[in-house]
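Next up: just one chain, as structure tokens, the form predicted alone.
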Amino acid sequence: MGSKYRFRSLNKYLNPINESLLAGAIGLAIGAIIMVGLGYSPLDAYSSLLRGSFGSVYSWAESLANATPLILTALTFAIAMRGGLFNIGAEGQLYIGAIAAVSVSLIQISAPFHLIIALVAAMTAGALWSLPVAILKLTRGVHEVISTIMLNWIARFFAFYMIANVLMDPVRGEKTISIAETSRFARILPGSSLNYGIVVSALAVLLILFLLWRTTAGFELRAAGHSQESSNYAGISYKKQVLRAFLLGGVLAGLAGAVQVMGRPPTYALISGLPQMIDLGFDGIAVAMIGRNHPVGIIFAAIFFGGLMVGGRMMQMSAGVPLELVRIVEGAIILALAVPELKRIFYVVRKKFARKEQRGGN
């Protein structure tokens, strides 16, 4: 009986891994077919991608640096999904978190308190920016997809305004003031972008892992996401879980914005147009999907995603693959890896609609 239980427990973890490996192989095959059709060598392209992503210490460092904010934005989406919600507002929340982190550099504080205060300010700002989403959903029934999209755009243009009018560097008008040296993350590998922000992301993963599977609050959140009716019957407040999911997600997304601006050389500032921030929130959704919305899976998915970003440049330079084709191949691989989790989400959503129709019929 014990061995049978252990086999089932092991199989529960092996099935997602096997599905991901199969999906990844399919994605690679699709990318190879596209490249062959356009006259490029898949072998040269993929070997360049691998070398550029993980072929050296520097490549590993850059891949991990790219993964750092993605881990946090992926956790933002994953927590909401565990609660049965679609939080796609990490993009706007990380902009606000980054603005808050830069704003703290207007005041002079000694290290390490300056760094800590900047992180706390960013987390608070991200949580506050997510609060209207929860309020609108709970009081007016506004779907979170609509409200988060709208708030993403508001946050983006608010950030543009702050960069150009409030936090502008008096010497270089295309960027904000630089993060004070007392609130910067030190580099782990000199000459690379990898900094101690990766430690913050790793700690966030451990905390969320503990929260979701080792605390009453995490159990209540997952129960509400599994079945709102059953959780209400068990005395779990659905409103409390909605508020918890969005506030916690906002904290993580705001932290992602702070980590990105406080740890990325050479400017340590927000640049007009937000080139170092754009799409990190949306990319986090893909990372969460690939990682099956599980904190541990998200780590590996983020490193893989970060490697694709770095290795894609090597595909261009070494294998001569055009940027547009690199993006197509990367998209095929990412989409294939996300399909298993998308299937599960669609299945859950379909079940929810079926239950609603059944209640309406009764």
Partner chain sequence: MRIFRIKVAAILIALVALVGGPFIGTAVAAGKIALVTDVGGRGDLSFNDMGFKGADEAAAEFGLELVSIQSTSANDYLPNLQMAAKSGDFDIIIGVGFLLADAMAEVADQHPDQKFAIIDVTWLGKPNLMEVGYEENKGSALVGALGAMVAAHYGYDKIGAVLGIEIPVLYKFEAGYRFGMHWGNAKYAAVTGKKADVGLLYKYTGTFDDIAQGKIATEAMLAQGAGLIYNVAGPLGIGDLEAITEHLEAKGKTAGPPFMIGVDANQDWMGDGERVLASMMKRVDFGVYQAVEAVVNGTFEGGVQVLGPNNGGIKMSGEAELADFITFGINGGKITESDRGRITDNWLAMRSAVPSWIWDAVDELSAKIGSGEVEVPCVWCADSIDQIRADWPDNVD
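Residue numbers count along the first chain shown, from 1. Since this is a predicted model, take the numbers as computed values, not measurements.
There is also a form predicted in complex with its partner chain; it is not shown, and the following applies to it.
At a distance threshold of 4.5 angstroms between non-hydrogen atoms, residue 33 is out of contact with its partner chain in the predicted complex. Though the partner is left out of this view, residue 112 does not reach within 4.5 Å of its partner chain in the predicted complex, counting heavy atoms only. Taking the partner from the other structure, its partner chain in the predicted complex has a heavy atom within 4.5 Å of a heavy atom of residue 266. Using a 4.5 angstroms limit between non-hydrogen atoms, residue 295 is distant from its partner chain in the predicted complex.
You can rule out all but one of 242 to 250, 219 to 227, 183 to 191, 104 to 112: in the predicted complex, only 183 to 191 has residues with a heavy atom within 4.5 Å of its partner chain. Contact residues in stretch 73 to 89 (any heavy atom within 4.5 Å of its partner chain, taken in the predicted complex) are absent; none meets the cut-off.
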